[in-house]
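One chain follows as structure tokens, the form predicted on its own.
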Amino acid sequence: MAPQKKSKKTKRKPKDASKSNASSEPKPSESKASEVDWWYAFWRKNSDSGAAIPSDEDEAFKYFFRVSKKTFDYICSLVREDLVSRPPSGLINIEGRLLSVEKQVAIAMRRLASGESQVSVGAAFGVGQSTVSQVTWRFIESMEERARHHLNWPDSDRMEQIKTNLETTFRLPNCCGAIDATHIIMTLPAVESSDDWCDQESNYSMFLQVIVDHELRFLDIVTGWPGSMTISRLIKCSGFYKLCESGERLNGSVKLSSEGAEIREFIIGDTAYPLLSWLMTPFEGKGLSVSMTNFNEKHKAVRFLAGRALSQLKGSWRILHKVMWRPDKHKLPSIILVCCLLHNIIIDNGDELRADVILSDHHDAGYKEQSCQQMDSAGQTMRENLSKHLQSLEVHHFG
């Protein structure tokens, strides 16, 4: 278990991120020709590096960088001011020219998307390992600041849209999303290795916990905590838990079930989470009633959204799926956050999440399912009300 002093890492948590920075307008400092040149040079050099690379130019672009050219241009507009105003030393390519903002963004996004080594990514762009390292970290720092507005808890109007969609699809009134967690596996130098970071499967890992909506958008994330923690303890260490317990989150209007019982706002989680008034877990045990089984089916369908979002995240940004080689544990939460921001930007811009990159197995393959036995009475009452509501709808539908 991580000692309490580890909480200093939570300063990088994006919970309740309220910073919304207006995106920087593109500056005419880079010629259009150079913007195009880097892509065609890269495409020519790497077009035969894998059998799955599409022959269509636009599809090939999305293959390498996970986003359309339009979304890529938007990302460049976010970070342009930072990458132009503070050029580091050494960012000169082999032709003696300063790297364009577009090429810097491409290098960083390719590093995140492929998870390949800095040497391999550098070779694909004709730059050195140190350049890839500098460029990637500068991009992450800028995105962490400039793109934070893409990860905020929804306002009341947006939350009503989410609840309406989830109720229409899954018949669960006042459901605000689903929660899940995954391990980001890493190696650590021997001098840094400790039981704090060694998880139940004997891997060194860092947790990422997410709450997602019906479109797989991340509404809240928590990261920076050691994978040795239990998921039930992870959520209790989060700001989201504290806000819910104090009535400052999931505090929207109460709805009435088909039988007149009160149903407050809530999210869906698996058996690793405690059953709370605002966090619904499935019924467990044998001999479940019809209403309990029906509730579990709907519950599982909503919970699948969070699992799919994490499989999409790790599949798109492979740096999170591959074993992270000796990461700076203080910087790793920023890398995780920026990958989550990129995931949301794709959705927010109307771009498509690439279905062909999603992980084929579970996002936390190799980890046993955890079980938390904690239940509070208000949570039990809420779950009973929901199961009876669903059963009533079934009877009415088939009656």
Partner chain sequence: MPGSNWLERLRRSKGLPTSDLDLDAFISSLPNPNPNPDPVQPPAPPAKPGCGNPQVFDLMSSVLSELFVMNAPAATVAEKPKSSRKQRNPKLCSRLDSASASGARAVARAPATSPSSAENSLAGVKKGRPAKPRRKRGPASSDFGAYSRTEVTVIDTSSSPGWKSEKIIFSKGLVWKVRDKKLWNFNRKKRKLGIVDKLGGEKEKEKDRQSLGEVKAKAQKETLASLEEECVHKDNCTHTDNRDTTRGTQDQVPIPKKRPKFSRSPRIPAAKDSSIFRIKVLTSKKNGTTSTKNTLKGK
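A quick note: this is a predicted structure, and the numbers were derived from the prediction, not measured. Numbering follows the first chain given and starts at 1.
Beyond what is shown, the protein has a form predicted in complex with the partner chain; the following relates to that form.
Though the partner chain is absent from this view, in the predicted complex it lies within 4.5 Å of a heavy atom of just one residue from 329, 321, 298, 308, which is 329. For the options 200, 253, 130, 289, the residue carrying a heavy atom within 4.5 angstroms of the partner chain in the predicted complex is 200. You can rule out all but one of 68-76, 161-169, 226-234, 101-109: in the predicted complex, only 226-234 has residues with a heavy atom within 4.5 Å of the partner chain. By the 4.5 Å heavy atom rule, the three marked residues 180, 265 and 358 all fail to count as contacting the partner chain in the predicted complex. Proximity of residue 257 to the partner chain in the predicted complex falls outside the 4.5 Å heavy atom cutoff. Residue contact with the partner chain in the predicted complex: residue 84 places no heavy atom within 4.5 Å of it.
In the predicted complex, the partner chain lies farther than 4.5 Å from every heavy atom of residue 315.
Taking the partner from elsewhere, residue 347 is found to have every heavy atom lying beyond 4.5 Å of the partner chain in the predicted complex. Applying a 4.5 Å heavy atom cutoff to the partner chain in the predicted complex picks out 137, 138, 141, 142, 144, 145, 146, 148, 151, 152 from 128-157, in order along the sequence.
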